Ligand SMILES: N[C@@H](CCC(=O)N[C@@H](CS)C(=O)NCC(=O)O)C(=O)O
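What follows is a single chain, given as structure tokens, in the form predicted alone.
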């Protein structure tokens, strides 16, 4: 049995869990925080997620998904056609870097600070984040001109990576503005309705609801 070390509101843990669910791979989620001794024993950078498959230890969400593609049977997340594969890998990288930078501040200021740290969010930080969010969402809106991130390839690693980041944003902001980014909003709605995603997102919603209850709202 595979063991995934991470936490259920971690964006990159979510990315791997979505990939595992889409490919129908059984695993155990072992709750372990970033920087914890347990994680540092597996990954010298102290980052989550980390996958353990017997004697094989695999850090980093992108490396884990690449490993699973070779090690486990199931629907492929990497397109077979070289141009489609290049597009999927590029959008995965874009999601993990630029899109994360554009969206994480919303979760930090509207979820992490008030619910887990007992502090008020920084309105100035949120205002400063808007231009980068608008740039990133505008870019993805353009990429979805044909309705899919990787046209004709079905669900790919790009969908998993972009979806994982956008869910973090939606958990803080409630929704993507469909008036400004209609294709992106519709695309994310479709992904969230996928059976493989539903259980994971419901679990995360319960975690957020419990945190709000502990804070009295």
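Positions refer to the first chain, counted from 1. The structure displayed is predicted, hence computed values, not measured ones.
There is also a form predicted together with this ligand; it is not shown, and the following applies to it.
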At 4.5 Å by heavy atoms, is each residue in 10, 34 and 100 next to this ligand in the predicted complex? yes
This ligand: the contacting residue among 155, 176, 167, 48 in the predicted complex [heavy atom, 4.5 Å]: 48
I'd like to check something about residue 62: if you look in the predicted complex, is any of its heavy atoms closer than or equal to 4.5 Å to a heavy atom of this ligand? yes
Per contact check vs this ligand in the predicted complex (non-hydrogen atom within 4.5 angstroms), the hit among 22 to 30, 54 to 62, 184 to 192, 144 to 152 is 54 to 62
Restricting to 186 to 213, the residues within 4.5 Å of this ligand in the predicted complex through any heavy atom are none
